[in-house]
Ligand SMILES: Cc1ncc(COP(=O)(O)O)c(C=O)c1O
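First comes one chain, alone, set out as structure tokens in the form predicted alone.
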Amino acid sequence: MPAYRPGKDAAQAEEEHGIVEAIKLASNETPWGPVPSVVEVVSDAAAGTNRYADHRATAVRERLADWMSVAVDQVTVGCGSVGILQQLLLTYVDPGDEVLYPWRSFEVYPVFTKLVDGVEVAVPLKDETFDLEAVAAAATEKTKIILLSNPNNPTGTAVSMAEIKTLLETVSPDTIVVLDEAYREFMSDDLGNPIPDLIGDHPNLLVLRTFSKAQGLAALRVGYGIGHPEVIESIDKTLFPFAVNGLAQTAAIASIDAHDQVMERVEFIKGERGRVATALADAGWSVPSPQANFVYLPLGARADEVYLELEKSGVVTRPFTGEGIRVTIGTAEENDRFLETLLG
């Protein structure tokens, strides 16, 4: 069984290579902590950590429902969006059922599929993005779930809601289609939004999002899902007790309230992403059109070599052996250091 591999920490790279002042561009984290108003309320809430938090995170669900303009029974909250994903597979996938996804994609998909003794069906990417026609063609009556990381991790490419709609109209309504949108805030608005555009017409669609990336709450582990009430009710049954801690719940609500400030930071990251991608392209490097808070270099057999040379110089990225490297967009100074190290 494969194991999930997190991005390497800068301190670990320093120890391994005998270097100092390494920077971590490996895990798609925001380069800053949460906005100040969120830090303040989390600090105040810390005094109450002797008590269990609300198991269902009711206040977060209600605030999300209002924010997303959906009913409360269409919302679930979990231990990061990846926690909800695990609940989903535990709920719906029996041994021998198929879990279908494009590949390369989020590393946890095959891990969770094997965990429930499901059958992996991996459809190759086309030009580093989803080939949704091939995905639809690969679906069978045994396909319980289709997983789509959109934007895709690690390639950073994304497909439009019009393309997702075509897929939903092609596959069986008994197959749950998951749009795993961890990087939603960094996407172009032109691609559409599945919650207002698709949820109402497709009860087999589940949209997952997280507060880990744009909102800077990676260490607190809180994510949410929007879908049909029957799907939400079912996966809620596999939520382990008190999975979403009290500080995470407080931070999630405060982050929604501070959305405008969060999006100011997102716009900065998007601007830096464009600058980095342009610099790489101008230098002759192949860069798929990025729609998340990272860029991807499809290096094939050179991936490990380039990754290691960057790391020895104190720039820690995320390698995918034989395929490419993923580089998180950080501060302007961190991005400059990456470009200078790679391009010379």
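For every residue, the number given is its place in the sequence shown, counted from 1. Everything numeric here is computed off the predicted structure, so don't read it as measured data.
The discussion below concerns the form predicted in complex with the ligand, not included here.
Listed stretches are 73-81, 93-101, 138-146, 162-170; the contact stretch with the ligand in the model of the complex is 73-81, by a heavy atom cutoff of 4.5 Å.
Checking S212, T113, Q87, T250 against the ligand in the model of the complex, a heavy atom within 4.5 Å turns up for just one residue: S212.
In the model of the complex, at least one heavy atom of R221 sits within 4.5 Å of the ligand. The ligand in the model of the complex comes within 4.5 Å of a heavy atom belonging to Y183.
Residue contact with the ligand in the model of the complex: F130 places no heavy atom within 4.5 Å of it. Interface residue remark: N153 is counted as part of the site for the ligand in the model of the complex, having a heavy atom within 4.5 Å. Heavy atoms closer than or equal to 4.5 Å to the ligand in the model of the complex belong, across 95-130, to the residues F106, Y109, ordered by sequence position.
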